[in-house]
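Alright, here's a single protein chain in two forms, structure 1 and structure 2, each given by itself as structure tokens.
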Structure 1
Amino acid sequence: MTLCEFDCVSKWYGPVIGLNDVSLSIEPGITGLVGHNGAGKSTLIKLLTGQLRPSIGEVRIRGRRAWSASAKRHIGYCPDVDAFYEEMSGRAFVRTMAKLHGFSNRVARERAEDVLAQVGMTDRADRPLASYSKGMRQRIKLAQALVHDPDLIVLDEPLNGVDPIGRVELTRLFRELLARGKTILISSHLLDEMDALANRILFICRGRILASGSLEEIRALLDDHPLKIRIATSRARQLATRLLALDTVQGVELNGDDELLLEVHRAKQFFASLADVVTREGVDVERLQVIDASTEAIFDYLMESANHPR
């Protein structure tokens, strides 16, 4: 039986549409749900975890409706809001959650220790939650999501506000969970965040699943997507003239005397030529930065290429 599937699901709040005719099934591995804020990510997740009911269609977890209590047994949810029963310690919180899942006191204690060890919080779990750092709070949230050993783990923006070191550790943790045969759904508003993490990407925008596939497939789809690049150098004019001669460069904008904004396609080829030009001309580039394309921009691009296939 499939773990989780959306069957022509739409959801609206009053006149506002949150999700528009989405059909998908979540496959084993790590799935990244990518979309900007307001694209429908949280609606999808709330439907999946049974906090909302679809207006049209059905969400099924192991064949049962997601809204029903029995479906929730299979899902562990790590919410995006940073809220706990603040007066408790981390350990007490996880135990409480275990008991709310129906474990007896003794089993709940075992389970709590087990998951605390999994997230690496065993020795720090007795401090009150209010004194935790963002990363530690994130781990406790993760621990409570694992406490009933669910098949599907849903993580809503788990890397938001976590420092780089914390990110690395959490990423490692997700991989360990994957190795133990869990299915994981991670949402994020940055495609780059999924780079090192997801096997499969669901690209969501304006309430619709725009693209799904492996990261490579998505990247390939986006390879031709024009990039915006910022270059700062003291010899901007000279460099601009040289770069204009490249056929990968579609536009150059001179921003002040020492900054260039480039629009390029076929990025790989461009970077190779750029290094070449810089070395040959002896120009010192103080900054070379790809300006992150917003998911909105990618959406527009994908819509465009869907409407006018080349």
Structure 2
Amino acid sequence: MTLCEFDCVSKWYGPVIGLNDVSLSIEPGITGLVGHNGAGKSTLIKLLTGQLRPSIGEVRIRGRRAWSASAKRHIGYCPDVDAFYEEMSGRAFVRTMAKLHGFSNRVARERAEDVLAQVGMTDRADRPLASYSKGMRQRIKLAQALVHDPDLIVLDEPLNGVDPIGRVELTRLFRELLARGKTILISSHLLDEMDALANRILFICRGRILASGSLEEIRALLDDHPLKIRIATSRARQLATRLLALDTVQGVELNGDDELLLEVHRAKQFFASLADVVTREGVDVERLQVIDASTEAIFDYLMESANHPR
């Protein structure tokens, strides 16, 4: 049974469309949800976590409607906003959340200590929440999301406000959760971190999913997306002359005597032509690097295409 699926889901706020005819499944692994403010990320997350019901369509968790109690048992949610009892300690807050999931006092204490250790807060958990830094508050929110050992973990901007060392530690935790069979959805505006974290990306704009899949799969669908390439070779000028004759090459820039910076389109055709040129001319290519095949580059291209359709 699929863990999570959206089936022809739309959500309206009066005349405003928050989500528009979305069908998707969230697969095992780490999925990144990427989009500008107002794109529909928050609506999708609230539908997934059962905070909203769709106007049309169905959202199911383990075959059950997402807003049902039986579905919510499978979900751990770390929201982007804080909603704490500020006078409580972090430890008391996480224990309380465990009790709300139905655990006994003893089990709630055990689970709270386990997740506090996972997020690196054991030694700081007795301080009042009001005294916590932004990064510490993020860790406590993550701890409460994990306390009932959910199958699906939904993280809304989980690294926001976390210092660089903390980001490394939490990224390691996300990978450990993945290794334990958890399915993770991360909404983030830190696009460069999606490259390192996510094995699947959902790009959303104006309430619609523009593209989904791995970065490589999405790039394969965007054959007209200009691609920037760096080539290191001792015969840079000779290679530049030959490549300028290709209709797939939009620009060539020499960087010293041994490096080319290219902008190309129709990438598959270009690479086939490049192989022919290099073989025919006997050019020794020391290094070839695609320098913009990142979440951010694809995101920018998709957003531009969505906002200015041809």
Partner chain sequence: MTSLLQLRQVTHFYGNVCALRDVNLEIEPGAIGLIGQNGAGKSTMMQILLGLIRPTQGTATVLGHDVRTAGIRLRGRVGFMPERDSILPGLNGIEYVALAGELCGMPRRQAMRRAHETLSYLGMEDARYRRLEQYSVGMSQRLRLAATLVHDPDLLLLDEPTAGLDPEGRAAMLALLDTLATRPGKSLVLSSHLLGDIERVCTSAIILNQGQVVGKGRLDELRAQRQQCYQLHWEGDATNFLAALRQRGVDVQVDNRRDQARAIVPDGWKTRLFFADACEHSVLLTGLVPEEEDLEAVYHRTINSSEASERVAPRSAV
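Here the rigid core means the biggest group of C-alpha atoms that line up within 1.5 Å when the two forms are laid on top of each other. Being a predicted model, the structure only gives us computed values, none of them experimental. Residue numbering: structure 1 sequence, from 1.
Note: the form predicted alone is the second of the two, structure 2. With the core held fixed between structure 1 and structure 2, Ile56 has its Cα displaced by under 2 Å. Val252: CA moves 2 Å or more between structure 1 and structure 2 after rigid-core fitting. Comparing the forms between structure 1 and structure 2, the C-alpha position of Ala240 differs by 2 angstroms or more, with the core used for superposition. Structural comparison between structure 1 and structure 2 after rigid-core fitting shows the C-alpha of Glu263 displaced 10.0 Å.
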